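Here you get one chain, nothing else, as structure tokens; it is the form predicted on its own.
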Amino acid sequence: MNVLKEQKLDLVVIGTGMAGAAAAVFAANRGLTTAQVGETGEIIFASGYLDLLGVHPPENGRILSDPWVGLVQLARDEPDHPLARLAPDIIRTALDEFFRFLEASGLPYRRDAKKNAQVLTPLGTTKPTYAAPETMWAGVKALQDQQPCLLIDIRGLRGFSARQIAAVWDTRWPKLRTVTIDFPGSDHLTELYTETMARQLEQPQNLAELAARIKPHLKDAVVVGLPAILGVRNSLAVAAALAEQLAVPVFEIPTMPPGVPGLRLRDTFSENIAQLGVSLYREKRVQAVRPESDGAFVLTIADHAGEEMIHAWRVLLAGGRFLGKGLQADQAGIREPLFGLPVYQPLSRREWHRHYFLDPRGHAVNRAGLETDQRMRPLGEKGTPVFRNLYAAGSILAHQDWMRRKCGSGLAIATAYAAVEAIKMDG
């Protein structure tokens, strides 16, 4: 077993999703020696849209045009919600810093800082979101102004249907048209995959051929929408080149997950967080944690090649819920597996779910998680921090149902920022 004995790191972040990545960025920006550990998990299922707060109250499905007004209402109605416990200025600062990181990393996002945008989903419905990749932003204006638009279907690609999107909108978007084309070099294939297509379109000859197949169908269209396949590593350049060849703006629509937008985020985090000086232990799991007498921790991490140990003054839990293995469930209930922390949850399993799956009141299990103090430290049964140097952020936190409120990214980024700020202040 390899043991890192040279020095204790300031921080180990457990989790490679949005909260873990944001925490690693914030920690590196503050000069903290940091390691990030975790297997690739929920991030590959990301649509690319970054939500702040899109629905409140969720019981009546009220769509928020202004997430900041919604946050004030959330603080009034549900003061225990993790976002409600943070001042709006803190949330703004966190988002601004995170978006600067994405832009510097070559994955710029667009937003109207004062309001949500309505964006298309692969099912043809719309949803509110706070920010979208630059490659998707032209779709916001196309939808808002009902511009003459051509949507592209690609024969053999599953998980996306321009025809279905157009059918959903029907007479409400009268100048929305669709066409089905063959992807360059796919004549011998019966099924296509978005990652493969995206990487092929990074080759200029394939992109030029795609443009040539779209051009005859443009007619009166002033904008073109495609599934999210415009490159993985240099999507902005690929989208710009296609727009230049078609002489009209283009935009992407997410496909069913997992898809290319999640891969872009994963690769952006992996490559650029490392450049900030963070030690990455990707595709490794924390097997055990041992608290030391001075308040620090020794973490045993492992993969198929073996085990090693990391010494850290502080640990931040940002591994998500069940999919990310931050929480586990069995017949006895919901538990946090690494530290054995108390989990806020219903008293019995029969209370986890309501009778109807789509009950507008939601399900109690989705609000289970860790309760923390104002410094984002998980609390024990007596209401005091279990460990003075242990913190938590993201969807592992209690009293939130991020899917129903469309607040997943905002929750992850803002609480990661709050935790790292507390860690920095704790010295």
Ligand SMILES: Cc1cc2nc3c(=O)[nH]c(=O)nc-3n(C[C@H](O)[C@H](O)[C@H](O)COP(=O)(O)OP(=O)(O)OC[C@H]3O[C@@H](n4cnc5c(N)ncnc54)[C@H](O)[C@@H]3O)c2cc1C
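Since we're looking at a predicted model, the values are computed, not measured. Position 1 is the first residue in the sequence shown; the rest follow in order.
Separately, the form predicted together with the named molecule exists; it is not shown, and the next lines address it.
Between 138-146, 94-102, 202-210, 320-328, the stretch whose residues reach within 4.5 angstroms of the named molecule in the model of the complex through a non-hydrogen atom is 320-328. Proximity to the named molecule in the model of the complex, taken as a non-hydrogen atom within 4.5 angstroms, holds for one residue of Leu390, Leu64, Ala368, Val37, which is Val37. Using a 4.5 angstroms threshold between heavy atoms, Pro342 stays clear of the named molecule in the model of the complex.
Although the partner is absent here, Lys284 sits close enough that one of its heavy atoms falls within 4.5 Å of the named molecule in the model of the complex. Using a 4.5 Å cutoff between non-hydrogen atoms, Ala19 counts as a contact of the named molecule in the model of the complex. Within this chain, Ser47 lines the site of the named molecule in the model of the complex, having a heavy atom no more than 4.5 Å away. Applying a 4.5 Å heavy atom cutoff to the named molecule in the model of the complex picks out Pro257 as the lone residue from 234-257.
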